[in-house]
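Below, in structure tokens: the form predicted alone, a single chain.
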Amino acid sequence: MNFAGFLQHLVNAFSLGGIYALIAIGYTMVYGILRLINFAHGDIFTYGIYFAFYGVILFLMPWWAAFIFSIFVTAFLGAFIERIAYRPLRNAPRISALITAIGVSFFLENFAIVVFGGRAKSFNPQTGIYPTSFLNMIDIGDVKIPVLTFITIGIVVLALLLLMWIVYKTKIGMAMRAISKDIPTTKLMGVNADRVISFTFMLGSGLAAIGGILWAMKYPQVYPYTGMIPGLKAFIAAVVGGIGSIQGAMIGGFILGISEIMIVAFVPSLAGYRDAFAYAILLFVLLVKPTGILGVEVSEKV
């Protein structure tokens, strides 16, 4: 492989890794606060794509308005799920919340089949879903890279910077970090824990919607199980980076995306095993550092 080919694959790898990072952050924020693995997060990702799709097709919104509409609606969907499914189990054993998360995932998938239909819907730019100019190529020397790839990287970077600003520079972010350490003590300081937890679900779901839209622009179709594989890989990314750590989720997402693209690029004969490598990376990290790259071992009182 020459340098031009390597550069092309590297840009694609950052684009895919950024999408994984956006989804992984949703897993890691919920786990960081509630110690809950939200298995429905991949389905929320799917709903983000559906909302954008129908915003354009059914409500005749401009593509950019439909995308913003989708992000907000998906964010409120995440908060709604937290309110009706997870909040009543806040003090229940963790296994109850875990089983509920799996149940919510199945419900969302089957509800999507009933409402949207089981057949895949094309996220085709020819229908006005997004401008065809996004598919134009930019020449960098001998390298041709789609404009969409740079747009994806730019949106991912902006979303991650906005997230870091919210978490580390705002009061709600401070409350999120405090609740992740100790919910009862944070309540004693006058923080409305329910509101902060709902906001966390909204934030994670909004990022999943952004990731979903970018995914659908890259792989232009949506069906009820669209979020299954990217959601699973994002969960692996969160574990690899250290679930509970936002920075770890970002690192894990990029590691997974870069590994996936580079393995296919350097060893094309193994392209069919690209999903298996995600599990191999997960097993390796768990064997070497069970808490993940940036994870911290937490001791529990007996």
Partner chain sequence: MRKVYVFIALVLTFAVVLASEITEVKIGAGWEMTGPIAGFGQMSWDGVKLAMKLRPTVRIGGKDVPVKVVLLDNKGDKAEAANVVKRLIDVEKVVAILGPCTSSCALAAGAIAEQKQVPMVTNTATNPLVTQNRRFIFRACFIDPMQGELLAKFAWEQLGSKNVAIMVDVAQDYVVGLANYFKRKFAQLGGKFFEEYYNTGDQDFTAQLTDALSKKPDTIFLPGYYSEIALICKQARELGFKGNFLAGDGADAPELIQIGGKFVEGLYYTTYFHQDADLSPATKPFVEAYVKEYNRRPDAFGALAFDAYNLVLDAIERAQSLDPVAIRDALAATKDFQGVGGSITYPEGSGDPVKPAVINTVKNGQFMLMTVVRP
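What you are looking at is a predicted structure, and each value in this text was computed from that prediction instead of being measured. Note that the rigid core is defined as the largest set of C-alphas that superpose within 1.5 Å between two forms. Numbering follows the first chain given and starts at 1.
The next section is about a form of this same protein that is not shown, the form predicted in complex with the partner chain.
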Exercise. Establish, in the model of the complex, whether Asp182, Asn192 and Gln247 all lie within 4.5 Å of the partner chain, using non-hydrogen atoms for the distance.
Key: no
Self-check item: Per-stretch contact check against the partner chain in the model of the complex, the hit in 60 to 68, 23 to 31, 237 to 245, 265 to 273 (non-hydrogen atom, 4.5 angstroms)
Solution: 265 to 273
Quiz item: Though the partner chain is not shown, can you say which of Ile261, Ile255, Val56, Ile37 has a heavy atom within 4.5 Å of it in the model of the complex?
Solution: Ile261
Quiz item: Trp165, Phe80, Tyr219, Phe111: which sits within 4.5 Å of the partner chain in the model of the complex by any heavy atom?
Solution: Tyr219
Quiz item: According to a 4.5 angstroms non-hydrogen atom cut-off, is Gln126 in contact with the partner chain in the model of the complex?
Solution: yes
Quiz item: Even though the partner chain is not shown here, does Lys171 get within 4.5 Å of it in the model of the complex, heavy atoms only?
Solution: no
Quiz item: Can you check whether Tyr223 is within 4.5 Å of the partner chain in the model of the complex, heavy atom basis?
Solution: yes
Quiz item: Can you check whether Trp215 is within 4.5 Å of the partner chain in the model of the complex, heavy atom basis?
Solution: yes
Quiz prompt | Neighbours of the partner chain in the model of the complex among 11 to 41 [non-hydrogen atom within 4.5 angstroms] | solution = Asn12, Leu16
Exercise. State yes or no: after fitting on the rigid core, is the Cα displacement of Phe59 between the shown form and the other one at least 2 Å?
Key: no
Exercise. Could you tell me whether the Cα atom of Val267 shifts by at least 2 Å between the shown form and the other one after core superposition?
Key: yes
